[in-house]
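One chain follows as structure tokens, the form predicted on its own.
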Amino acid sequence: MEAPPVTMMPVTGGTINMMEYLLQGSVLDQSLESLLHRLRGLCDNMEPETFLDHEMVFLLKGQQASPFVLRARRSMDKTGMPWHLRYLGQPEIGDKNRHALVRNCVDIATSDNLTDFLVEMGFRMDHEFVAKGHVFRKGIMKIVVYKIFRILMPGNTESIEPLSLSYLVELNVVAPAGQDVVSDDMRNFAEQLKPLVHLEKIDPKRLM
């Protein structure tokens, strides 16, 4: 759920340790237009990019306590786009001076048989969903506003319903490890979105 639209994510090589800096929040449906209006005024692109993606979350259970998780995502509204495989590491939340959640991030474009390959490797699909929304950019920062849809019939992305009456809002930066100064810029930008949305450093373990 926490992942931004992968069709917009930069594809990074395995030789560089890339980190994702993340702030998250949400707005009710009735506040969406007000937030989009504010973002048009603050961001580099006045008209946001739009996306409609299908994401599948795969687990590989081994001897370790928690399963290994990979995310496969494809664009539903842009033809010719590759599938993407995404790995997100455990968040580093201990540093009180760091204003954003930080986690290791690997994102690669793949061929169309990605899901078959994962199953052959021993992964099993845990859940799937559809994400639809908008992407704004401000320098190296990316702001994603999107709604999650539950898939009512497994594998049928035409049969969906909204998961909630709100939109998720994520502010993120993907940068090499050690670029913690970007979290200061993120906090300053998040302040400009109040009181429409409060973007916070959220510990996923608190939600479990």
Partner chain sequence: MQREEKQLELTLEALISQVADLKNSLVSFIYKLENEYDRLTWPSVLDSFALLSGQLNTLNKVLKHEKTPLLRNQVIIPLVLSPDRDEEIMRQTEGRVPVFSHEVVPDHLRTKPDPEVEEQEKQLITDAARISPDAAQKQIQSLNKMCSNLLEKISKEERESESGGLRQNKQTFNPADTNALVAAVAFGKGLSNRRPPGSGASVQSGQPGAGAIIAGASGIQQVPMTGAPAQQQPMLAGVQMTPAGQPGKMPSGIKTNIKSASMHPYQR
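Since the structure is predicted, the reported quantities are computational estimates derived from the model, not experimental observations. Residue numbers count along the first chain shown, from 1.
The protein also exists as the form predicted in complex with the partner chain; that form is not presented, and the subsequent description refers to it.
Checked against the partner chain in the predicted complex, the residues L70, L36, C43, L163 give one hit for a heavy atom within 4.5 Å, which is L163. Residue V27 is the only one of V174, V182, V27, L52 with a heavy atom lying within 4.5 Å of the partner chain in the predicted complex. In the predicted complex, at least one heavy atom of E120 sits within 4.5 Å of the partner chain. At least one heavy atom of R124 is located within 4.5 Å of the partner chain in the predicted complex. In the predicted complex, none of the heavy atoms of G139 sits within 4.5 Å of a heavy atom of the partner chain. Although the partner is absent from this view, H198 contacts the partner chain in the predicted complex, with a non-hydrogen atom inside 4.5 angstroms.
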